[in-house]
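Only one chain is included here, represented as structure tokens and corresponding to the form predicted on its own.
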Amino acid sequence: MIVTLDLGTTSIRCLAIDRLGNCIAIAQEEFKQYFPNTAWVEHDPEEIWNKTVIVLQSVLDKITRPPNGIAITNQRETVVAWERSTKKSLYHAIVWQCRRTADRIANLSQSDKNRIKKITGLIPDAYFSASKIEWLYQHIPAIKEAEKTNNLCFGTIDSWILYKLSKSAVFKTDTSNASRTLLVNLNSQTYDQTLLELFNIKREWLPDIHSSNSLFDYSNASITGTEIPIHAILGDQQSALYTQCGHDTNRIKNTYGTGLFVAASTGNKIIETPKLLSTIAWTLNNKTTFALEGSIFVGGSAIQWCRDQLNLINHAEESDTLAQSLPDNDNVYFVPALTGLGAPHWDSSARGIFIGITRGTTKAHLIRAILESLAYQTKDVCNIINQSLTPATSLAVDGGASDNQFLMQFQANILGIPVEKSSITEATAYGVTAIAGISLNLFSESDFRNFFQTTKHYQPMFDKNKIDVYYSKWTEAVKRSLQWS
């Protein structure tokens, strides 16, 4: 049995998964989102840690014997600064969604931007960790004080929780998370000195990089009752990619979470494109698999926005019913650039817009436009992946919004290929669970693939002409959004 911590953007989940792939216990705790300034997003690292302990101990109490291992998957790019000696955070975590360093990235020279893309495979953007680390060091006095006595650690959420949970307080990360910092050479999988210098970061502030299926350490028995091997770490989107596609380079997956994360494995080859991210998918026993990814900043959070800020709905599930109540979109479109636009546009200054609104526009039209925007953004990225790899014959989906039947059918319609939803709803947790379980000889790769099957299959219903009509109006709306300043 593997106990997996899924350290998400809005909640912490813990699952106990047995060697037959059954989830036999689960616990979840949400945590607070902080928005101190426009387009700034923060978390309290201590709250994340406390909620992690709560869900972990809850699951351990529900199972009858200690697990064989603990696995960790996490929101990526979010940065925590903490004091090495006390294990106490020094400031709020800066979240991957935060745009406070957008100007810093925009003001990089073109040669520096080109160098970053060539070395890291990533598009220079405030989304990634490097500029967040630099901002924290420059603006937070307590962080500068800690650095004076070599008492400073910076890490992504996996490193933070590992440091607090491990009996030896190990300062480590895996290649999948490290590759999202904007500081790692994609070929050597080590920190690049020129990029460290560009962002004024010292190597000793950062965790050591290891294979994703490493034995990272053992848990502190005072927290878990007994020492349990911590045997796998994987960024959340890479974990979902492992679940959905494994090593198959002919499949694309999309996770409909807070953002949208479209990805495809490229095997042992680094495939470069100007508008998408070349990234590490995972490293198993020192052998690395790479991926192409399109990171879209606003996905399910757009549905939360229309629920919590606009009060258009009381529950996310209502969006499905409202959208399906209409025969078409009546030419109403929404561009969800609520924190700028990510892939493939990468424009921090873009802003969200509704377009095509008339006196006849209803709440249902607005909701439908929001849901359709998730499908259009997915198509934007899938089009580029299909130009770079063998065109995919289906899209594998997971994440909360994949339960929305209107959205999934429209996604199939606008892509012109089937959309397949797996029987496993916890795709993010299962990927890293598989890596840990295979490493501990609890099951094989083929056993894992037999744990689940396709439960919903959405066939496309639009012909090419209808796709073109809908999609051309979307691209026109995006142009308007990109013109905003």
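Residue positions are given as counts along the sequence shown, with the first one as 1. Remember, it's a predicted structure, so these values are computed and weren't measured experimentally.
Heads up, the form predicted together with adenosine-5'-diphosphate isn't pictured, but that's what we're talking about next.
**Student:** Contact check in the predicted complex: T258, I303 and L371 versus adenosine-5'-diphosphate, with a cutoff of 4.5 Å between any heavy atoms. Do all three pass?
**Tutor:** Per the other structure, all of T258, I303 and L371 touch adenosine-5'-diphosphate.
**Student:** How about E317 - does it come within 4.5 Å of adenosine-5'-diphosphate in the predicted complex, if we only consider non-hydrogen atoms?
**Tutor:** Residue-level check for E317: yes, a contact with adenosine-5'-diphosphate.
**Student:** Give a yes/no on whether G267 approaches adenosine-5'-diphosphate to within 4.5 Å in the predicted complex, heavy atoms considered.
**Tutor:** Judged by the heavy-atom cut-off of 4.5 Å, G267 is well away from adenosine-5'-diphosphate in the predicted complex.
**Student:** According to a 4.5 angstroms non-hydrogen atom cut-off, is A401 in contact with adenosine-5'-diphosphate in the predicted complex?
**Tutor:** Yes - in the predicted complex, heavy atoms of A401 and adenosine-5'-diphosphate come within 4.5 Å of each other.
**Student:** For the chain seen here without its partner, which of 81 to 89, 295 to 303, 108 to 116, 327 to 335 has a heavy atom within 4.5 Å of adenosine-5'-diphosphate in the predicted complex?
**Tutor:** In the other structure, the partner sits against 295 to 303.
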